[in-house]
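Heads up, the chain below is alone and in the form predicted on its own; it's given as structure tokens.
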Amino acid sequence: MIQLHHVTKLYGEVIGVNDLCLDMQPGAYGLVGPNGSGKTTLINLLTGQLRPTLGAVKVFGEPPSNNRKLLRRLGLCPATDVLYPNVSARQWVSYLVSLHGFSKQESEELAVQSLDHVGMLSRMDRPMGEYSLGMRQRAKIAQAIAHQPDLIILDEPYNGLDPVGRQQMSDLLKRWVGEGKSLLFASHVLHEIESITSSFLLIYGGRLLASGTSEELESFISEAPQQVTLVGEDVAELVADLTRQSWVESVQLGDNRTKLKVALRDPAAFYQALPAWINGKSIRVDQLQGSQSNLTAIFDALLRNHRGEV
């Protein structure tokens, strides 16, 4: 479905994406990375809005730039907002569908059908200038799916949606995947994607750091260097045991002696040893905070591993 062969995109001296190599079969994928990691640049390369500075991009076996036939097979929900305040959602979506070669009647029917799917049927004839951010987001998703593409690409599609709207969009995307169609979902929030698919691409600093299922990535992350924090009245009693271990990089005890930060070379060894230390000395630990609670920290750990750093 998607092939990237040593793809690099430069904006002057700034690197958008760097030496990406990837083969993706049809299916559902999450593109995960912090803001500024290169997700939108990659999406613009896949949809032909940008051309790579180096390397080659193919979607369904063809280069996407200036390829109308290929773009008919793609649907895009961009991160940018809808800026047509005097046009209704029905007019906007049907016009975009007509650009793919559908007749006026077909475009109208497909537009109404897609707006119904996203819960906008009763409001589709109101000017979009009167819409809330969540309603405009629904309209954007409607235009992405209206022409029934083989692959939809969604860039932060939940922006502006309330919890009910997020659940409805998740249900819609699950049905899309269940019908055998393909999807690429870009977000900086991991759990948003986990509800749709278990296949992930992790991008950071323009580089693809890892790809695979959630179980594979969790296993990989657990083996990468990371920092954990222990909170409790007795955590200071763990300092002596920790400093004797080769897999501990550093130990930092807070001024009030109830918070202990530990940088680990081998997190698995730490998690294996900790229960015995706690039970053997009857130590009270109220909280254990790992870097997995912070997506940026995970990417930092993966990047250090990629560079061969400790």
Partner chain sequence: MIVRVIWEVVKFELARSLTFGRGMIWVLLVLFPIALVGILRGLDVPLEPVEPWGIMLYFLVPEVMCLLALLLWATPVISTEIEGQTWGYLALRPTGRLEVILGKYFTAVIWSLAATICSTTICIFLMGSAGGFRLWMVMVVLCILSSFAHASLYLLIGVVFHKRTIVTAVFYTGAVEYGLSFVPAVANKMTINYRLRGLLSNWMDWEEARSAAENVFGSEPSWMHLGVLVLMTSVLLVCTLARVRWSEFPTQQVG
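These figures come from a predicted structure and were not determined experimentally. Positions refer to the first chain, counted from 1.
What comes next is about the form predicted together with the partner chain, which is not displayed.
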property: Which of 257-265, 238-246, 273-281, 50-58 sits within 4.5 Å of the partner chain in the model of the complex, heavy atom basis; result: 50-58
property: Listed residue that, although the partner chain is not shown, lies within 4.5 Å of it in the model of the complex (heavy atoms), from 226, 182, 143, 187; result: 143
property: Residue (of 210, 112, 76, 172) lying close to the partner chain in the model of the complex, criterion heavy atoms within 4.5 Å; result: 76
property: Non-hydrogen atom contact residue 71 with the partner chain in the model of the complex at 4.5 angstroms; result: yes
property: Residue 164: touches the partner chain in the model of the complex, heavy atom cutoff 4.5 angstroms; result: no
property: Residue 252, heavy atom within 4.5 angstroms of the partner chain in the model of the complex; result: no
property: Contact test in the model of the complex: residue 158 vs the partner chain, heavy atoms, 4.5 Å; result: no
property: Contact test, all of 66, 96 and 101, partner the partner chain in the model of the complex, heavy atom 4.5 Å; result: yes
property: Neighbours of the partner chain in the model of the complex among 69-93 [non-hydrogen atom within 4.5 angstroms]; result: 71, 72, 74, 75, 76, 78, 79, 80, 81, 82, 83, 84, 86, 87, 91, 92
